[in-house]
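Next up is one chain by itself, shown in structure tokens, the form predicted on its own.
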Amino acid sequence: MTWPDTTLARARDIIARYPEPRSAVMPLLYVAMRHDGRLTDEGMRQVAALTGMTAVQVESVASFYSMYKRHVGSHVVSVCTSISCHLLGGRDVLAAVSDATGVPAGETSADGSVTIESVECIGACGGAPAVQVDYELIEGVTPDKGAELCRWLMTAHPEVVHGDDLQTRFGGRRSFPAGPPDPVGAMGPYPAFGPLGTTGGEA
């Protein structure tokens, strides 16, 4: 076991929530990403040891789902180009994001600060075009605001990104009125889940 005691304790707490240890493989892959900043062979071996699976079985899960990333920057910018976003300028937002960063979709900036990706529907059709930063949603993003967002990520290097803050700074029309403020944000290129230790503090 190579994870520190605090990470192992978190992993074992997650496993205890499931009837079988192998059922915890997906959340444990996020724990592995949090530990290493990306998904590594060592991280997958650690998950295998904790769940009683083989490393190949763990890798087969990780390679099937796009959110488990072996090569990723400090932040992942996901631009929706599915039908609603496409019709409302999602491709233009993606082009602006790539131009601002010099990074084509599917690649990572040379300094490792951002990974840019084109994604299918992220469930925000009413607020199209939609973008996510570390799976924190921003609705009504224009090409100019998308470019501004990426320049900010590459220069400010925020340790935590908050969806509400991102929406205020870089978003536009929302699909629904804003709800209560979300006090936590994402700490890296993985979703913000408290039990997984992937959330930051208040904005």
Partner chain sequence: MTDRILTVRMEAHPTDSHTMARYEATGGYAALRKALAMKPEDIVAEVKASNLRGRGGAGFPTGVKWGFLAPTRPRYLVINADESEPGTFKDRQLLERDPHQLLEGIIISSFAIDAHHAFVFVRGEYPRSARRLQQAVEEARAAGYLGRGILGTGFDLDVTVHLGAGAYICGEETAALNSLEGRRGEPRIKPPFPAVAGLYAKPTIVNNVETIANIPWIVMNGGAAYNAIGPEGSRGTRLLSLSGHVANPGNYEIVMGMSWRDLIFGIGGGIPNGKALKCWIPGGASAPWFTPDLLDTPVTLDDIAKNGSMAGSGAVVVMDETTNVVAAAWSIVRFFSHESCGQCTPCREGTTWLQRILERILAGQGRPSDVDLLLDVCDNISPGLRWPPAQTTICPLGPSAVSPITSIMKHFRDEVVAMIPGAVTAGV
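Numbering follows the first chain given and starts at 1. Keep in mind the model is a prediction, meaning the values are calculated, not measured.
Here the subject shifts to the form predicted in complex with its partner chain, a form of this protein not shown in this document.
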| said: Just checking whether A147 would be counted as a contact of its partner chain in the model of the complex - the rule being heavy atoms within 4.5 angstroms. | reply: no
| query | Can W152 be called a contact residue for its partner chain in the model of the complex at 4.5 Å between heavy atoms? | reply | no
| task | Check whether A49 has any heavy atom within 4.5 Å of a heavy atom of its partner chain in the model of the complex, and answer yes or no. | result | no
| field | its partner chain contact at A178 in the model of the complex, heavy atom, 4.5 Å | value | yes
| field | Residues within 4.5 Å of its partner chain in the model of the complex, restricted to 104 to 125 and counted by heavy atom | value | E120, C121, I122, G123, A124, C125
